[in-house]
Ligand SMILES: C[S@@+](CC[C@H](N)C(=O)[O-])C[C@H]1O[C@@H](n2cnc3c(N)ncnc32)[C@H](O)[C@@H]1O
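As structure tokens, one chain now follows by itself in the form predicted on its own.
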Amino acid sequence: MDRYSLCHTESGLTLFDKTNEFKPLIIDFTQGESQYRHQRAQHEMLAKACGFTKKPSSVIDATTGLGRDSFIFESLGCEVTSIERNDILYQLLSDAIERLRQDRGLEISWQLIHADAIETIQSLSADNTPDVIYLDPMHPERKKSALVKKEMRILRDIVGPDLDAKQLFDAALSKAKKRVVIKLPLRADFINDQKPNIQFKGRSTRFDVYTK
């Protein structure tokens, strides 16, 4: 978009807002909140919803965004495949994952794919499907937009709404071996009007779990 530009800085690939409304955005998994979540990954509601608190497994994060949930999966020792179709986010994520590899000094089991998630999932062969497919679609903007974090406002500018979220859910449900997990606002309608088998509720969001 004309409003934003990507530039390499000493810290890593950074997204700048030419209007200066937002501070520069950089994805970093090596420090700060990411490392805090890394240390307590097994206690995350996300881990419980996906069934990863005791045993790591294979997971596709079909709506990667800023990669924070994918990072939790990686922290749990899962075999992670993250799909991101937006080119700007893909570049930011690629740079962040490479810096994480360099920081650890070893390879990590985290694959990032620049592709359309529906097409990618539908093309999976029977012997190459993951145990879990995770979805966190871009939700409609709240009326009280001031309450939305600036990072989410930037994401909405770049990505826009996920108009094909229902189709993505159907594709995920047809391929996941064990479960599909979708993150939604607490009071949002069920995806495709299908009631989940299990729910995990937080203060403002919930995880709907569809078991196979």
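Note that the coordinates shown come from a computational prediction; the quantities given were computed from them, not determined experimentally. The first residue of the shown sequence is 1; numbering continues from there.
We do not show the form predicted in complex with the named molecule, though everything after this point is about it.
Using a 4.5 angstroms threshold between heavy atoms, R85 counts as touching the named molecule in the predicted complex.
Using a 4.5 angstroms threshold between heavy atoms, D131 stays clear of the named molecule in the predicted complex.
Though the partner is left out of this view, A49 does not reach within 4.5 Å of the named molecule in the predicted complex, counting heavy atoms only.
Interface residue remark: D136 is counted as part of the site for the named molecule in the predicted complex, having a heavy atom within 4.5 Å. Note on the partner interface in the predicted complex: the residue among R153, R68, K178, K166 having a heavy atom within 4.5 angstroms of the named molecule is R68. Comment: the named molecule is not present in this chain, but in the predicted complex one of D162, E44, D170, D28 has a heavy atom within 4.5 Å of it, namely D162.
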